[in-house]
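Read the single chain below, which is given as structure tokens and is the form predicted alone.
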């Protein structure tokens, strides 16, 4: 099979393609490639990809990556000619991303970042495909709030603590990907995604920005877990997608921090959301729950230098786009 496209377009597999990040990635990739979206809707949504079903360069397969799959035998992929062309690129995004979801699906989170990831790596070997693994700053462990961290930082992680479900899953995943690269000379890349937000997030996602927006839209108190002066950074989804594509096309194997280096106080985020939603909500501050990770900042020097990438979306515009999207979901999901 070919490790380069022998027909008009590359074949790209997006594992977790109906999720928040995966669906935006499919939107971008399908402009120039043939995209296979693999998802089992554990936390992804059919509505995120419905508009792509009529595109002849897009195909969805409802499948759990924890079970191996033979793509060349799937009749719906006949036009992708996988038996001749294979797969050129694999993006592995299949994991619950918010504390709410990975707590609800604890074993599934561990398995998809081990067994599921191994199945994807086996496909990369079979097809001589490049693979990106979407990891997380959770691998850094305990860091002081507001600290800016580089990729070589190694922190303390409690493997039996409340956040271990996710942090240990991602740590193992990175180790597995790195050893496939070393043992089989596989072209793999690892990225660590910090605090991404935007349309296609679920209203019940549980992370800070959608939770605050949901409360503001319903004129309920905005409950901020932390103090008003605490600092965080927030990466808009379109900037992340450009970084992922750039990483796949680049030579840096990583890990690479993908984040915004603009920092905001928690109070600034809450105030902006109230202003943009014209809400009557009041902001309250509470101690962080044990499942919630500290808000530390990323050093993105490596991403700037190796990818020529820098996030460009202003916070106000990103929040407005997210509010517009979640407002529509509110009409569907929230009782009046």
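Owing to the predicted nature of the structure, the values given are computational and were not obtained by experimental measurement. Residue numbers count along the first chain shown, from 1.
The same protein has a further form, the form predicted in complex with a small molecule, not shown here; the description that follows concerns it.
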item	value
Stretch in contact in the predicted bound form with the small molecule, which is absent here, among 25 to 33, 62 to 70, 304 to 312, 270 to 278 (heavy atoms within 4.5 Å)	62 to 70
Partner proximity in the predicted bound form: residue 128 to the small molecule, non-hydrogen atom cutoff 4.5 Å	no
Heavy atom of residue 234 within 4.5 Å of the small molecule in the predicted bound form	no
Partner contact for residue 13 in the predicted bound form: the small molecule, 4.5 angstroms, heavy atom	no
4.5 Å heavy atom contact, residue 135 to the small molecule in the predicted bound form	yes
Full three-residue contact with the small molecule in the predicted bound form, heavy atom 4.5 Å, for 21, 96 and 112	yes
Contacting member of 164, 123, 193, 248, with respect to the small molecule in the predicted bound form [4.5 Å, heavy atom]	193
Interface residue in the predicted bound form among 207, 181, 148, 171, criterion: non-hydrogen atom within 4.5 angstroms of the small molecule	207
